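There is one chain below, alone, in structure tokens, taken in the form predicted alone.
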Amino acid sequence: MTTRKLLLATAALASVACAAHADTSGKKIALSNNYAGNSWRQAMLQSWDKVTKQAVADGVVAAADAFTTAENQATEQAAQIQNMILQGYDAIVVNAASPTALNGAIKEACDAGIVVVSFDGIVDEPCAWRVAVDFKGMGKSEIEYLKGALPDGGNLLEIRGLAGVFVDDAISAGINEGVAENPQFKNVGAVHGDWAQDVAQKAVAGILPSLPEIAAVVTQGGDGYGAAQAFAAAGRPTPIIIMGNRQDELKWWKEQKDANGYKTMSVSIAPGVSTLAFWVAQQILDGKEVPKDLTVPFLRIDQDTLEANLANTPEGGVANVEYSQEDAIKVIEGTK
């Protein structure tokens, strides 16, 4: 091959490479979030702000703005997404109020050439990407833990999350599948705690007088400390309460562990999953081939890892993991 032909071939390859991996420094990404009324959502937004501000400062993207609806209504979030389309965002990262109710607005975004990545509250519109935790598996893991802790079984109280949200349905399905497979346990009551300690405390206090002795409380996160307070106020023995990685829950657990050897476990999705969704959107905008469905592990804390996790969790916060661009690439490649 002549020198001129070699140079032309090299230039052609470089052109293909640039087309496949476009520069994202001029791209704008938005976060559409449906709800911010608990410590997990606040930590999720804080992680987004921290990581994306640095990405903007580094020139990776031009903007990474976050928007949260006021009423947690799918219609309101759909309107929010439609506004993002008009505002010219290149990608929208969505924590959805419903897996289906936003599909029309999301399809509009896709048709406009906008990348849509859902996480936590994922959507089932085929054009969108999904960054999901195996929430059903997370719920079932609670019963797996209780099998070892309570070999003889017992009555369970279930504290659910925010009604109508995919996450609540999936975790509850896992819990109830685990109960069905382990008949030594019986679910004798269920309330919605909205993933918030004050709501959970009030809901548990309201149902306790009608319940028999409770061996364990299965939860979704942001409700364990509220449940403990309700049992204490009612003068009832404290059951095993599955925690959800919130600092107030971990602190209470540590106090009980030191006082009387109290044992439990804690499990939740890390709020920093929002940062993984951001980097996934950036990689798609960069021309990378990304599978439509990506799975990340949930974050579990056990008796022997309690102190270390509590020490690293800010007061009022949630045990967390934030993701880098390299982490996102590893997840993408691992899924492939």
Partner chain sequence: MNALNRLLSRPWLWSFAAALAVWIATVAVTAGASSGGLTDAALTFAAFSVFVGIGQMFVITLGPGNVDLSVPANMTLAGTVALKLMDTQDSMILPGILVTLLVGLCIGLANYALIKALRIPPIIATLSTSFIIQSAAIWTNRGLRIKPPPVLADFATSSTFFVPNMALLALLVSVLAWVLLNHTIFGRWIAAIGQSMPAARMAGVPVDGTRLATYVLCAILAAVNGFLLSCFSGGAALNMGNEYLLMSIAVVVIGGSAVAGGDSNVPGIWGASLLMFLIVSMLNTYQFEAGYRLIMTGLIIIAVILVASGRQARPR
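In this text, the rigid core denotes the largest set of C-alpha atoms whose superposition between the two forms falls within 1.5 Å. Numbering follows the first chain given and starts at 1. Since we're looking at a predicted model, the values are computed, not measured.
There is another form of the same protein, the form predicted together with the partner chain; it is not shown, and what comes next is about it.
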property: Heavy atom of residue 210 within 4.5 Å of the partner chain in the predicted complex; result: yes
property: is_contact(residue 110, the partner chain) in the predicted complex, heavy atom dist at most 4.5 Å; result: no
property: Partner contact for residue 225 in the predicted complex: the partner chain, 4.5 angstroms, heavy atom; result: yes
property: Contact flag, residue 35 vs the partner chain in the predicted complex, heavy atom cut 4.5 Å; result: yes
property: Which of 142-150, 256-264, 84-92, 189-197 sits within 4.5 Å of the partner chain in the predicted complex, heavy atom basis; result: 189-197
property: All of 39, 163 and 315 with a heavy atom within 4.5 Å of the partner chain in the predicted complex; result: yes
property: Sequence-ordered list of residues in 247-270 near the partner chain in the predicted complex, where near means a heavy atom within 4.5 Å; result: 248
property: Core fit, then residue 174 C-alpha moves 2 Å or more between the shown form and the other one; result: no
property: Did residue 202 shift 2 Å or more between the shown form and the other one, C-alpha, core superposed; result: yes
property: After fitting the core, residue 190 CA displacement of 2 Å or more between the shown form and the other one; result: yes
